[in-house]
Each structure stands twice: as structure tokens, then as C-alpha cells.
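So this first bit is one chain, no partners, the form predicted alone, shown in C-alpha cells.
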């Protein structure tokens, strides 16, 4: 699968632009702030129905405009399909495949998968458990529709249960039978989510460790530990045991929405002992493992989006990474970098051709 071309209208800093891409490696070069990362985000938007960087749709609309439009032509097994997206300040977002609108955006997830590696990904290390759960859910949802449905249903039930707990606190009246109604969908969907996460991580962790060894030269052992209350107790038991805690907190304090991934380097927390280069190598290895797992299950390559990945990596790690991703094993790749000369030298050294786009004030110079 690859993205043949993309059109942008009023998306972020682009008033109007169109790009035709190579099936292999594409590089966006230019100064900071000219829109290189915004192009990657537009591609991500066509994959996930949302921005990688802004959770609110209207924040992606060009300043002074009321709406944006994105359109991309994807090719998979010689079949070309057009994806259209529009979002405006006052109306709902519209997503279409071949001019037919989706009834639910979840129907689109996983059809044109992509993997992003960005400086923003350090939030997986430095932020709370929500960021790491989001990563895990995003990966699995791209190849497992049932998992995505379980996740949507679980979050709906969780929202209702939390609203009920808050209402109990405000009214001073507690009704256990009403609360137990929402335990059922939490348990039914939560148990499935927990099992799918465990099954996926059994496959994912060895692949991640393989890529980290390649990038780092095998210097440091790494591990990912899945932390969940369901490792010791059933969700039914956890919900029964935390009713008092839930009442006091006015929210559901146990369940798969509290799960976490623990990152370790040499048996110690990555966050506290890892250098910037080690932390970035850790994240890149996770994203490449995400890529391989999706590829193995979907039987085609996702699109790989590499945003400013050379920062904080030493020369050896850069060479190892570029040698790795420039093979045909990784399909279509998009890279951003401020230094055109550096990009040309790297790919000339490893004897790989690339299509270079010089992003400037007109936003479509090639």
C-alpha cells in the first residue's frame, strides 16, 4: 500500500497544495515552521480520521478560515481508492471513501494504516499511563475491529458509571443497584480488552527488543512490563472491592483504564536512567515493532512517517536506523528534516534513491 498523492486546502499553514509521491522514500526538507510536520500530520489524518498532534479538529483549520479539506489517493494491490475528509468549526467532520461517507469513523480505522515516529513521542516516557495505553490501543485497533468496538463500549460505560458516582456525591444518595448496571458492560468489554492486550504484547515485546538491539548495537537490555490490576484479580472482584474508594473519588478507580506499560533499561526505569539518545532509541524501536506487527497481520506495509528523527541520535544510531528503514521491508516512507545536505549524504551513502520536496513559502515546491 502507498499514498500516490495528497491535496490540502486550509489545513494548518497550507492554503492550498498538492503533492505527488514516490512509492518508496519521500523527504520534506526546509526550515522550521514551514509546514514539514504538518504534511506528515495530513497523511496521518487520512489514516486515523484525526490529527497526531491536535485532538480538537478546529485547531487544524488554517487561521482565518472556517474549514479544511484533505484528499488522498491510496493504492493497494493495484486498486486506487480516494479518501476525503473535511472539518469545519460549526459542522461535524465528514469522512468518505470513494465518495461514500462512513456512517461511523471507526469503520475507516485500519484500512490505510500508518506509523508515526515524532519528537512528540517522548510523552510515552514522561507523561502518565494514559499516553502509553493510548499507544497500545492505537496499535491493536488498526488490525482488530472487535478490540476497537470493545474499547468504545467500555469507555461509554465508564463515562456513565463515573457520571453516576458524581451524581451520588452531589445528591447525597447512593444507589448500589444503579451502579451495578454499568459493571456488566465494563466487565464484558474490559475482560476482552485485557486478554487482547496480553496476547498482543507476547508478540510485540520480542520484536521491540530485536529493533532496539539493532539501533543501539546491542549495548543495553530493555523490557516492557504490562501492569494491570487484572494480572492478580478479575475485573468483577476489583469493582466489588473498590466501591467505597469509587464513592470517595467520584470515579471508577479500577479497571483496564488504569493499565500501564513499564519501560525499563537494564532492569531500571528508563525515565530516570536513560539518556536522551537511549530514550529516543527505545521509542523508535517500539514504533518499528508496531510497524512490523501491523504488517504481519494486515499482509501489507503501513505508511511510515518519520518526523525529525535524527535529533538526539548519535552517528552510529542514525546509520543503523537509516540502513534498516531504507530496505523494501518498510515500504513507503516519509521523512522530515531541516538539513537537505545531510539527508542527501545519508541516502547517497546507503545507495538508496529518494524523492526530495523542498518545502518553502509556496508550500509546494519540489
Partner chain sequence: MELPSKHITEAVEQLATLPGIGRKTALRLALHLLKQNKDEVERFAGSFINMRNKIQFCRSCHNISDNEICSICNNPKRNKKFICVVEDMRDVIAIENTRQFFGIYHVLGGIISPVDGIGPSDLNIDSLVEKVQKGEVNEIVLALSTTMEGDTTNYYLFKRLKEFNISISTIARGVAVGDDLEYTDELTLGKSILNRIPYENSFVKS
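Numbering follows the first chain given and starts at 1. Given the structure is predicted, the values throughout are model-derived calculations rather than measurements.
Form predicted together with the partner chain: not shown, discussed below.
Contact between residue 153 and the partner chain in the predicted bound form is found at the 4.5 Å heavy atom cutoff. The partner chain is not shown here, but in the predicted bound form it comes within 4.5 Å of a heavy atom of residue 182. The shortest heavy atom separation between residue 157 and the partner chain in the predicted bound form is within 4.5 Å.
Among residues of the shown chain, residue 164 is one whose heavy atoms approach the partner chain to within 4.5 Å in the predicted bound form. Taking 93, 268, 198, 104 one by one, only a single residue has any non-hydrogen atom within 4.5 Å of the partner chain in the predicted bound form, and it is 104.
Only one of 127, 240, 80, 188 comes within 4.5 Å of the partner chain in the predicted bound form through a heavy atom, and that residue is 188.
The stretch among 283-291, 215-223, 242-250, 174-182 whose residues place heavy atoms within 4.5 Å of the partner chain in the predicted bound form is 174-182.
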